[in-house]
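The chain that follows stands alone, in the form predicted alone, written as structure tokens.
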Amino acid sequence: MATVAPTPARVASPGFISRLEAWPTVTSFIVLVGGWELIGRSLNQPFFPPLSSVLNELAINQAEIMAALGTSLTNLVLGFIVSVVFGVGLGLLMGAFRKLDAALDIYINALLTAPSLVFAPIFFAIWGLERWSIVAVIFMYSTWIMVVNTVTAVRTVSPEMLEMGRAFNAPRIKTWTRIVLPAATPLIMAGIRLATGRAVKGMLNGEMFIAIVGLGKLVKDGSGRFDASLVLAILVVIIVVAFIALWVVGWVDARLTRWLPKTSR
């Protein structure tokens, strides 16, 4: 009796799957935007203007906002670069040398839990209204979470992988560059992701409470005039900046960890 070959199952294309996975994000965005507009119009209160009024405020103050954004981005980039270099570097040293970790661990955790803005008067006393006061605030907000994550990343490298390196008589420097650093990179990048949001917060707080420049100045001016539309407009800009910064960090993360096996959800 002739047999009938089974019909092969249809496999969804990667493009279709990616479009399907994007729908929840698109839907939530539409709900957020539509809900903001409807609630703002129904309340008709100055403290919660509709989204259309906020976007109109953005258009009216476009030149001033763009000038302030340039100042804020300069502060953010400088502070975050210094934080990454110092935080990841110190974390690698503490992960490599247990005595250094024992000596500094209590202070790192104290700085991580302490409210970073309390150091603002100290930075103001040192640098005054200079840009470095804001950079120092960003540094205090974002560095210590990177130190803690980097130490954890180094300490959680598989002992079997380290033993394999020793079995092949790998020098210490090659053990670090070929085994420890690649294995620790995902957790290190996770710490940098967490620090990104903290850096944006530090930028805004530093500008509001120290030098009164950039987007922080506009937020402070709008708050002083009880101008909710302007404050929310600047908030939208800050959120966009944070999303772009997180996207850049995610892009770097994907390039550094592309050797990791892909997992299905």
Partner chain sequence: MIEIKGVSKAFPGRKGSEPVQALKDVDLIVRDNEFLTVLGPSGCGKTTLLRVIAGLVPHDTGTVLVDGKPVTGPGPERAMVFQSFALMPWDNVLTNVAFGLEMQGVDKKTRELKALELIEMVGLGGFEKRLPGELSGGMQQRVGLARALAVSPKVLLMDEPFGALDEQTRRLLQEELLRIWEATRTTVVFITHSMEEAVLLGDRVVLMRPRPGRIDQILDIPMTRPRSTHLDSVESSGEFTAMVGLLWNNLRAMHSDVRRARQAGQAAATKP
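Positions refer to the first chain, counted from 1. What you see is a predicted model; the values in this text were computed from it and never measured.
There is another form of this protein, the form predicted together with its partner chain, and it is not shown here; the text below is about that form.
Annotated contact segment (heavy atom within 4.5 Å of its partner chain in the model of the complex): 178-186, selected among 178-186, 94-102, 109-117, 191-199. Heavy atoms of no residue among Phe29, Arg41 and Val240 are located within 4.5 Å of its partner chain in the model of the complex. Proximity of Arg155 to its partner chain in the model of the complex falls outside the 4.5 Å heavy atom cutoff. A residue is said to contact a partner when one of its heavy atoms sits within 4.5 Å of a partner heavy atom; Ala167 meets this definition for its partner chain in the model of the complex. Heavy atoms of Pro171 reach within 4.5 Å of its partner chain in the model of the complex, making it an interface residue. Under a 4.5 angstroms non-hydrogen atom cutoff, its partner chain in the model of the complex lacks Ile81 among its neighbouring residues. Here is the short version: of Met161, Val77, Ile126, Val85, the single residue with a heavy atom within 4.5 Å of its partner chain in the model of the complex is Met161.
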